[in-house]
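Single chain ahead, written as structure tokens, the form predicted on its own.
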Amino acid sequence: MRVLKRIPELACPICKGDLEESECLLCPACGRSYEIHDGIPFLLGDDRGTFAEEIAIQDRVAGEYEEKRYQVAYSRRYHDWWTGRMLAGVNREGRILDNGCGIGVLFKRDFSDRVVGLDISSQMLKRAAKRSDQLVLGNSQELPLKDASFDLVFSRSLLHHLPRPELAVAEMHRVLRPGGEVVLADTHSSIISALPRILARKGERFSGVHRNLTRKVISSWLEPYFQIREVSYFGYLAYPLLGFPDFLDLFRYIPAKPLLETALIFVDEVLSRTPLIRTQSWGIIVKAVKPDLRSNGGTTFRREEAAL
């Protein structure tokens, strides 16, 4: 099936104009053309040089994600639990954008036929292609997607990778329909995460823009566009022990893994509800909704406002 039949939401990343398909994708409005490789449209905008380091890193670690992070049983189950927390209580009935999809953690869910996966790494998408044909290579700060074309944007560990995350948030708002939802999980700035992040940035797996994010900072990006309806925290003991065997696999030395795995997740659930302690987490989840301005006479937001 042709690309535009599979992903009708595609648009020119530069002018957001409609595309035409032949051997490549053409934008009649601005004259640009975009290649298609193995069925995946490559729709990077003009800002590709900014992401060169990040693309190289993600291409390099894609194999480790598939072969270890999401293959080791206890790590896979932990990431499934974490993804489940993100999806709890959000509408999954319409079209879904997995923004920064990596190797495609959403494509094994029962709604995968409604998911479009976008990532900037061709090697991540090469692996995601084993699970879906609704994939696009693109830049989250300049989404190659039509206005108001999705009902849910799912964004897992994306914003801390980006040089201008506020632009990515504005783009999520643009591609959501009125009343659509965004759910994001990202690295949280806390006592337990501060030193490891500093040390990690000295390695080869993280680019210079990587950082932990505070609730205040994330809220400042979201609030011009969305109504935040839920903020929660996750990741205490289980996060470093279960989640990243491709990076640090301490759990392999521990006996009785299934029992301890269950206990670690239970403890994390308790800590996430404990006052004072709950905010000292590795991760943060934020769920928000795009107001339906047609019903309340409000004003619209423009992408360029994110740059102010």
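Start at 1 and count along the sequence shown; that's the residue number. Note that this is a predicted model, so its numbers are computed, not measured.
As for the form predicted together with a small molecule, it is not shown, yet the points below apply to it.
Among 184, 124, 145, 96, the residue placing a heavy atom within 4.5 Å of the small molecule in the predicted bound form is 124. Checking 65, 251, 282, 34 for any heavy atom within 4.5 Å of the small molecule in the predicted bound form turns up a single hit: 65. In summary, the region of this chain contacting the small molecule in the predicted bound form, judged by heavy atoms within 4.5 Å and restricted to 35 to 43, 262 to 270, 235 to 243, 54 to 62, corresponds to 54 to 62. Contact check for 140, 157 and 162: all three have a heavy atom within 4.5 Å of the small molecule in the predicted bound form. For the chain shown alone, residue 128 is not a contact residue for the small molecule in the predicted bound form, no non-hydrogen atom being within 4.5 angstroms. Among heavy atoms of residue 152, none comes within 4.5 Å of the small molecule in the predicted bound form. Residue 120 belongs to the set of residues with a heavy atom inside 4.5 Å of the small molecule in the predicted bound form. Contact check for residue 180: every heavy atom lies farther than 4.5 Å from the small molecule in the predicted bound form.
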